[in-house]
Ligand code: ADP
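To begin, one chain is listed below as structure tokens, in the form predicted alone.
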């Protein structure tokens, strides 16, 4: 009977799970996984750094509604992936990290790259396991994928020793587990009935849409719920697009007012953590309905009226069924009522503040002007991966998203360096959709060399660097008490740095912009180049004193998250 190697069993397992891409920096002992994977339809994407490998798998997972996969070489390769695992853990993104490791027979001998990888990943993954027998690889791989996507999604780490990967197994000894679909559980009918009654009686209802809805995709249900009640909503940064941003009931521009004044709030797939001011921005007597797949999340940081554990799509279907025939005329009354009227006025007032800087002709260029030009050039289905601090803060106020899972940023963990690799994963997930990677200059520095990955694999996308000379320009510098005699700028960079030259080195179409009226023509040329199959790179020099925040347009409800653009 023929024998099959452990590495081949890994590749066949990936094929059975429907994996299309695996992100890696080639090295020992995972090279054979990459090679054998090509025989099973799994395309290896070679990147420049293992951190970026994991980030790219996150981007593909979120945009493609799949489980992202990276495989990391032993020793430093595995340790370089830890930050990516943390970002996936903090943001509940289903990924599987396959880490190469030293041979089992070399344990405690000081063999090459002998590192105990499991403890490093144990506290930032749903599961951290070592495969010790090649014949059990299919079993462990099936467990890893099931764990990653079930319940609240998250990362899983699988440690693969070199002698396990090279071991031969008799074909008839290999047992292949059945791949089971992820179950979708509904909520307690009594609680659903209670939630429906609260919403229908509310005078000032609202809904928060979090990125957690991505995995059940309740697009029709979310829209029907807000429209049947005439209920305004507020999306989280990555929860944007499940209801289009230009929907008349989207009150993102009145974030403070809507949270401060609502009497009933339904929170779907979002956590009441720092992103939403721990729920403190709600009135003390506001009644909260919380829908989440994770039981432990219900009631965290804020007392709630109704907590429903279940899949967002199924629970919303239950809720709509409970309200069927009982909401006639409610949307029409709400449209002319004081609640929506007050929020619309707040939105208009805040828009005046933002419009001033969006249309500014000042030089150096204001970040809001850059974002406005980007918004007006690229089509509705564009996927934006936004990275940085100033850029991210302005992007929250200016850029719009109209389709599900088309907005990526550092999200819960606030990790810089995600923008470029997230965008690469997004482009591979949706190759026919425009993808824009928008980065501050500091954020770009973390994984900017991955522009070469996009060029190498001929991924036609647009990279933009907003060069404001460092980390929020001089904002950090002004708060730092540097000792006399030290003139080093800790958080600021030389404004003459030409990041577009990096794009040129990889053969990208490049643009360098210093004047506001030149932004749009440069973006149009870049977009046209991407539509003709080229990587494009736009470098825009902006005001180093611009923090990207518009305090008049945020108010108390936005203070906790303003600086990072949440």
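Positions refer to the first chain, counted from 1. No experiment lies behind these values; they were computed from the predicted model shown.
The next section is about a form of this same protein that is not shown, the form predicted together with the named molecule.
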Exercise for the section: Find the only residue in 427, 211, 396, 255 having a heavy atom within 4.5 Å of the named molecule in the predicted complex. Expected result: 211
Problem - Candidate from 368, 271, 287, 147 lying within 4.5 Å of the named molecule in the predicted complex - any heavy atom - result: 271
Exercise for the section: Report whether the minimum heavy atom distance between residue 130 and the named molecule in the predicted complex is within 4.5 Å. Expected result: no
Exercise for the section: Could you confirm whether residue 215 comes within 4.5 Å of the named molecule in the predicted complex, counting heavy atoms only? Expected result: yes
Practice task
Answer for residue 250 alone: is it within 4.5 Å of the named molecule in the predicted complex, judged on heavy atom distances?
Solution key: no
Practice task
Using the partner position in the predicted complex, report whether residue 293 sits within 4.5 Å of the named molecule, counting heavy atoms only.
Solution key: yes
Problem - Segment that reaches the named molecule in the predicted complex - one of 352 to 360, 76 to 84, 339 to 347, 311 to 319, heavy atoms within 4.5 Å - result: 311 to 319
